[in-house]
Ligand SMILES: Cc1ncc(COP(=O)(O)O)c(C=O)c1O
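Single chain ahead, by itself, as structure tokens, in the form predicted alone.
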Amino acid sequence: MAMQNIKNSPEAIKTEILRLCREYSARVHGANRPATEELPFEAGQTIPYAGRVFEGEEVAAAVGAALDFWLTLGAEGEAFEKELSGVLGVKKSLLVNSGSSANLLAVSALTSRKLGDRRLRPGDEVITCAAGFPTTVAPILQNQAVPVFLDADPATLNARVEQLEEAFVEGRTKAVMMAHTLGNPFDLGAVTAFCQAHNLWLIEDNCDALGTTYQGRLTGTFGDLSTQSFYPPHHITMGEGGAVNIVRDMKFKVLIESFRDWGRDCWCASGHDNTCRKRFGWQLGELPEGYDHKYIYSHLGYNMKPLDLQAAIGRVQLTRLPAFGAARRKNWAALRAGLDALSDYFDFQIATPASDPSWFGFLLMVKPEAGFSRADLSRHLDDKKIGNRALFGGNLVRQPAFADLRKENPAAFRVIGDLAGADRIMNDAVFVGVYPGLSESMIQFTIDTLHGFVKNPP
């Protein structure tokens, strides 16, 4: 009877469930493991541009967290935040429900009255890049500030830093927010020097660049704040999810937590009360003295927490980051070498000097004299079931949301120069995948397909 009780104890049952989860994953999700040449590939199969790469440990972690059933952000989230900040070498990482939410929270934090004269006010300006993903820029407008668009360099895909001084307006420019495009860092030397010279905040959108280095130092560690995305195409995944990284100044912790957690003034973790030791001893705003601090709101906030189950997955994924980064670099290098003979048809993305990108994708920029268009190339890759994407929103000011906004309010944003570089990226750029789920045979098929296309274009 005693032995039977041991076998049926909750811990024993959980251990067996997790063992079965790993076995199930190996049988059902085998194709989602890191690529090896043991996985067969034949023409006609789909080659995704990105996707989830995981093994049984991630499935077991998710199920284990579900069995514990805490659900909302808790012990797994706290552990992931510590582990991510340790990997990056930043003061604190705070989990959120997406990379886009991370960007929104990072900009929102700059609007807090608790920052005094340096706070971002309505009408203040934030310098950014015209080519990229819309939710790098949308939070600027959502916080009633004015984006100032620099042109993008088609060679690196990042902002033309020589335009920074032209974009600056004394008393109005308060911050710079840019992304490291396709994992390639923007010129952090020039941008950080500019921000220091003018006492500006810097937010690095590091969503496409986890593991990239600049001058031997990880990106996401140069600004005041940086952001991450854990959506499946990114360097690690927890399904949905993201993070805001506080690089140096811990005053941002309570600000970001406040905007993330409904705007509340209280900083107690979920399930905890009276961390400040004076829960009923505050008098803020026009509330009566002694009002419950858990229900005092110092900001107009959101609810942007992920689930603890997601954090459990992320913790396993984070241990795979070095191997994932090595695979991305290897796949990018293989494509670059295999396509070098096509330099008459394509320009290829150039790594920023002094950087080692953990690439998000491999970019092909169709040359004007190529004899075919980006659309022709994309259709051919689609026909061959090779995943490909435009460079996100291309020139963002040409997107309907931004074009319509400017018609309604010509002062909604400013543009530096003619944005010819961003237009070229919009018109001529396409990228294919380098993620760790791609085998050597998939990479070679992509190379062979592109060689065949330029020999016989439409």
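Since the model is a prediction, treat every value here as computed from it, not as a measurement. All residue numbers refer to positions in the sequence shown, first residue = 1.
The following text describes the form predicted in complex with this ligand, which does not appear among the structures shown.
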Worksheet item: Tell me which of 335 to 343, 159 to 167, 271 to 279, 203 to 211 has residues with heavy atoms within 4.5 angstroms of this ligand in the model of the complex?
Response: 203 to 211
Response to the item:
Answer key, this ligand contact in the model of the complex at 4.5 Å (heavy atoms) among 152, 179, 225, 127: the residue is 179
Discussion item. Which residue, 328, 260, 174, 234, is the contact with this ligand in the model of the complex, using a 4.5 Å heavy atom cutoff?
Written reply: 234
Worksheet item: Does residue 93 make contact with this ligand in the model of the complex, using a 4.5 Å heavy atom cut-off?
Response: no
Worksheet item: Though only this chain appears here, would residue 98 touch this ligand in the model of the complex if you measure heavy atom gaps against 4.5 Å?
Response: yes
Discussion item. Would you classify residue 133 as touching this ligand in the model of the complex, given a 4.5 Å non-hydrogen atom cut-off?
Written reply: yes
Discussion item. I'd like to know if residue 241 sits close to this ligand in the model of the complex, meaning any non-hydrogen atom pair within 4.5 angstroms.
Written reply: yes
Worksheet entry | Candidate site 184, 219 and 324: all three near this ligand in the model of the complex by heavy atom within 4.5 Å | no
Fill in: in the model of the complex: members of 391 to 405 within 4.5 Å of this ligand, any heavy atom
392
